[in-house]
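Before any questions on binding or motion, here is one chain by itself as structure tokens, the form predicted alone.
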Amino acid sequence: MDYVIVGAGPAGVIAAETLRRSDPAGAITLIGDEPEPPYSRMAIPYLLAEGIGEEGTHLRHGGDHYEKLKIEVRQGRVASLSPGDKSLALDGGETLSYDKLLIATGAHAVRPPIPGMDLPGVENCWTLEDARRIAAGARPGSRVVLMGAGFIGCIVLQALAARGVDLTVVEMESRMLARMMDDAGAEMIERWCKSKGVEVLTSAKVTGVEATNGGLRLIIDDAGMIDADLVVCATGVAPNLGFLEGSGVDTDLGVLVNEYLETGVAGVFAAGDVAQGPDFSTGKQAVHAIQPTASEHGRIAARNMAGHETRYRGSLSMNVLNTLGLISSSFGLWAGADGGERAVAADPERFRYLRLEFEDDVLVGALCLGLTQHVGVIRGLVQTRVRLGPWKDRLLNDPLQVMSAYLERTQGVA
């Protein structure tokens, strides 16, 4: 059996290793499009913060790890896919055949269509090469503007602040973390950042970037300007789908897959940031571009590729974020379920916030800020869909009792 995996991120690497355990004799080829060993993008902020070296971003250590497993790792970019003859073409013209294929091509950084975004000194923060350029320009005291205060942007914010730069964050939405946090939680995070010396501008749209004598200038809403030595763009990502055009593989926001992570084309599977698969909370198909989902996708897709039928329960929308020492998290249907009920506990002065969302007597979503002891139990309650019984009313009155509810309803501890 010839297995080909396109994409050398967490989904691809875990899939290759799972395939080797499931099929000791099969041929496994892992294709990555960067001139680096397979690595984790989520480790790049730690590299920028100088908490690790480049080797610390590598998914596996030891130069012979893949060789020992008889996994061929090669560099190349796939240009097209031909499921009819089970082959794919690389940019250089080479053709590879497969029996089973996994699409784990991940995503790429997206820049807004703003004049000047192609100027030197405007960088993404998505690849190791991006990180090298940012590290060269983000020196202590450098004027750095971070465009975007979503989940990825706030991870980058943490890394840039650790480098001692003069940091300004520009976000076009009305609040930071608009897809992860409600108004109350976002207000606390913004206030926290400002207290740590980071300038935050929300409802601010960059309309242009200009080169100045030795630097850059951002035009904000045609009314203001910010001078910078470096601009880091973290305004979003999009799945890598281009090579699938004309292949017959169905795509929407990502590659559409079923509960076995298989596409509508037999023998072709997808995993990770490129896959649009079952959502645990809604049952619909969604792209959840987080590493835990990618890892689980890789494992389950590989088991199905090897003939061990394994159903995927669906990915849980979840984010856990450290913003300059303030931990925030969101799980599941944090904005609420239709007809559901909500419990809120807030202490804005101490940067503490907890919001629980219920459907009947089941916890289906939550926001948590500054309360790290609750993160694990909240995730456990959401993922297990434990019926809370009388604890639902108790939590409506005091959501901070969620630990006690978890212990009694899952462990039988009164």
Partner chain sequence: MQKSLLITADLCTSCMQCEMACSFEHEGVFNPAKSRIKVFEFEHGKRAIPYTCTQCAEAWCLHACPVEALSRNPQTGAVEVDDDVCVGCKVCTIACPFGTVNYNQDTGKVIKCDLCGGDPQCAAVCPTDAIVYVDANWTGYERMKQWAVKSDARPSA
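Numbering follows the first chain given and starts at 1. Because the structure is a prediction, the values reported are computed rather than measured.
We do not show the form predicted together with the partner chain, though everything after this point is about it.
- The partner is absent here; in the model of the complex, the one residue of 344, 184, 265, 320 having a heavy atom within 4.5 Å of the partner chain is 320.
- Proximity to the partner chain in the model of the complex, taken as a non-hydrogen atom within 4.5 angstroms, holds for one residue of 386, 52, 69, 27, which is 52.
- Of the stretches 108 to 116, 286 to 294, 133 to 141, 81 to 89, only 286 to 294 has residues with a heavy atom within 4.5 Å of the partner chain in the model of the complex.
- The partner chain in the model of the complex is approached by residue 376, whose closest heavy atom lies within 4.5 angstroms of it.
- Although the partner is absent here, residue 43 is a contact residue: one of its heavy atoms lies within 4.5 angstroms of the partner chain in the model of the complex.
- Interface residue remark: residue 56 is counted as part of the site for the partner chain in the model of the complex, having a heavy atom within 4.5 Å.
- Shown alone here, residue 219 lies farther than 4.5 Å from the partner chain in the model of the complex, counting heavy atoms only.
- Taking the partner chain as it sits in the model of the complex, the stretch 61 to 97 comes within 4.5 angstroms of it through a non-hydrogen atom at just one residue, 61.
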